[in-house]
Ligand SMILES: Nc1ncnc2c1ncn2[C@@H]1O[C@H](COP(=O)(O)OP(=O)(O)O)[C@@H](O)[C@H]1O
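Starting off, we have a lone chain in the form predicted alone, written out as structure tokens.
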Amino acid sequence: MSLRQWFERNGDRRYIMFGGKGGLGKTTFSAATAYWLARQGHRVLVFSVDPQASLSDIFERDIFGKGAVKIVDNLWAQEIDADSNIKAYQQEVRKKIVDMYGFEHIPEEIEQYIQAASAEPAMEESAIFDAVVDIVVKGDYDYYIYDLVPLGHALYYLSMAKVYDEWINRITQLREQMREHEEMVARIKRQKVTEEDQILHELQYIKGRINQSSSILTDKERTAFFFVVVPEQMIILDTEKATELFSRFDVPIAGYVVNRVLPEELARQRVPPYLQNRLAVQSHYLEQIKHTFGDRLVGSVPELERDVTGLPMIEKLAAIMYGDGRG
């Protein structure tokens, strides 16, 4: 089944993700897919959750941190500024501490903790995925095309989401038990029942955000994840391992797209020995890819003459991936 056929048969999948090792073509595939879907008349947002994002380079527009920027009719692009999200989160934490405990200003030791926590690697992933929730829940678009962070970061976030969720569940249970005890004591002493537990409320809010963001990646009804792979041994092995790990976290893997395939007709031409050797090695790994991923292969993209930047090249790539690029 081709990529085009997949989209025609899976109209309910509106969260489309391209992932894989860094530098394999995730961003260009995301841009081309968004362009093609926009040409079909759908409102599409392509956005990057990769701190090393290059959508600005591909579209040749300055879009970093500027929200959704219109590229062409029906197509918007966005690069999330994680640093700004972290700073906004810091300010939100400060405000909640001041409101909750009645401080006139944040105590120095708490400020130091906030700064230290924001420097944690997990904070960047959390800030980015929190921004994803804000984007998606608005429902402004028909399709959301994700240019994902590299595999390791995505897996780390998924695993931490489960850890956070279990931890918050436990803390929430303890807070609820404490409240029941406080209310019982208040009734015995005929005192006013304890006011709403702000800490419990905050924990439940955090838990809801975590569940929202992680559930986007695991929604089997609306989400599709495509691996980008190239005909190289280490990439094939890494993709196999990532497939197994993603499956454990219930990520709905829709298929695999092979990128940077040297044209077969080169083998029938007089080419330098170096290129002949590359073609022979590629042929071996293409067979390995077919054997490993089988009927889940949904596309093959040749090595292009230059980098995919600018709308003409995006349109060309979309035509290769989806047919004539129009529908």
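Don't overthink the numbering: it's just position in the shown sequence, from 1. These numbers were taken from a predicted model, which means no experiment stands behind them.
One more form of this protein, predicted together with this ligand, exists but is not displayed; see below.
Stretch 23-31 is the contacting one of 38-46, 60-68, 23-31, 281-289, since its residues have non-hydrogen atoms within 4.5 Å of this ligand in the model of the complex.
Under a 4.5 angstroms non-hydrogen atom cutoff, this ligand in the model of the complex lacks Ala319 among its neighbouring residues. Residue contact check for Leu311: none of its heavy atoms lie within 4.5 Å of this ligand in the model of the complex. Not displayed here, this ligand is kept clear of Leu262 by more than 4.5 Å at the level of heavy atoms in the model of the complex. Mapping the unseen interface onto this chain, Arg9 falls outside it, with no heavy atom inside 4.5 Å of this ligand in the model of the complex. Along 281-312, residues Val301, Pro302, Glu303, Leu304, Arg306, Asp307, Val308 each place a heavy atom within 4.5 Å of this ligand in the model of the complex.
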